[in-house]
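A single chain comes next, written as structure tokens; it is the form predicted alone.
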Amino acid sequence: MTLKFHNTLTNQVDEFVAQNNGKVTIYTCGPTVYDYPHIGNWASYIYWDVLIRILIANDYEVNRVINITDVGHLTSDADEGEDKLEKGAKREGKTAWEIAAFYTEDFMNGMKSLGMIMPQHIAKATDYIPQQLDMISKLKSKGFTYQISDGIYFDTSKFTRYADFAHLKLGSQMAGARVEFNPEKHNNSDFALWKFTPTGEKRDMEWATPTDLLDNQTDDAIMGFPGWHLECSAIIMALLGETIDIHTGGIDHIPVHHTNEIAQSEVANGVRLSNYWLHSNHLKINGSKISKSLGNGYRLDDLAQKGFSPLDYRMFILQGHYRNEGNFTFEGLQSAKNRLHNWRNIATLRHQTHDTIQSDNDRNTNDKTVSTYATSRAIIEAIDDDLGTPEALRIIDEAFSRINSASLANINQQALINLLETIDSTLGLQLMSSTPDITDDAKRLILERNHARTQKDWSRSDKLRDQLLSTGIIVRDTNSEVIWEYKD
């Protein structure tokens, strides 16, 4: 099946064709590291992790960048208000550098706990200040910038395709309808490339503005910092090139952040920024937007305190499609936890199947055996179709139902292992690593219990069952065999 994605650029599902055969360049808009990410933030990263996994499954070599916004993201899309890092520093009595370091580490730990594949590059905005200044210089030389009292801005009226990506109707917008209105700006859609440190203030993060970027020469250094949008364009060009294959982010990035990225990058370089744009929809909490005022900005730690693991949450997110609006409830999360637990118990069956004289190939063609070779391909085909994770999960449930209803002797062991490996490699649920074989002591207890049942010594059988349960192992008796499972 052909790999295809819904491309925001064309507003349709497009077949994916990489620029460089066999290699893919991807940029993912990363976190602004001024506070802990909430579960709505993590939802997008889970989907983009599946994107990486399905590209690898299709034999692509992936070169991916996630940026870390550690400067320049102001509290308003109008390029006004406090820098979020400076705001976080005041909140916690630390420097902006300390805030950035702490929450960057927290983000990286969250990625690991959610089972994500680490990108080839984690790029901090503050490490690319020279590249950002070079881009401003290039834009100025082409006549696309102007200076006002608080900084240097991009003139969107000179980029005739500015409104195309987000289908904006700039001409009909009232001043301030899209963002807060700054009367000095030439157009209310213009955005800051470089902000000047306000007179009399000293920021933790600031750099001298090169004099060639200023309208008027001055002996005193004018300190400043980059606008939020600029870092992405500069980092992409530095690490991935002028045109990349795929750019990902949330739908809230479309009308401002990604529109501005496209404008500054395509003016500076004269070529398309990205061939494919993928955007994830919002996650709501009990039907409401995530908001600190509502107290629903749950973190992974909040879920852990209620008994849910990061992989339980990963399963919850995979149950929805990335382009559909999600709705988080704890009831839904419990259902996802139960589903993952059931899948893990299916995974334990690989330790309990028995070799027979019959080869796996023979068993695969025997109608009385349960083979799952075709399921692995069906999972990949489902995800190939615009990251169809809900369909992939449905296919797995169907296959696992067949396996669960079969006797151990009729389960094709190698096919089951192949299926589990496919699930782990494409969906990142770690079924194999989370379900090791039980100990020899536990196996001995199961054999003793089987013997007690044969002797109709029900008292000893129950005692041994309880002993196994105390070690986290449940035994399930069927008409013909005993199957062990994990309690949790």
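Note that residue numbering follows the sequence shown and begins at 1. Keep in mind it's a predicted model, so treat the numbers as computed, not measured.
The form predicted together with ligand AMP exists for this protein as well; it is not shown, and the discussion that follows is about that form.
Put simply, of 337, 314, 344, 253 only one has a heavy atom within 4.5 Å of ligand AMP in the model of the complex, and it is 253. Here is the short version: of 246, 135, 123, 283, the single residue with a heavy atom within 4.5 Å of ligand AMP in the model of the complex is 283.
Screening 206-214, 97-105, 234-242, 274-282 for residues having heavy atoms within 4.5 Å of ligand AMP in the model of the complex returns a single hit, 274-282. Not displayed here, ligand AMP is kept clear of residue 114 by more than 4.5 Å at the level of heavy atoms in the model of the complex. Although the partner is absent from this view, residue 428 stays clear of ligand AMP in the model of the complex, with no non-hydrogen atom inside 4.5 angstroms. Though the partner is left out of this view, residue 443 does not reach within 4.5 Å of ligand AMP in the model of the complex, counting heavy atoms only.
Contact check for residue 34: a heavy atom falls within 4.5 Å of ligand AMP in the model of the complex. Shown without its partner, the chain has 34, 38, 40, 41 in segment 27-42 as residues with a non-hydrogen atom within 4.5 angstroms of ligand AMP in the model of the complex.
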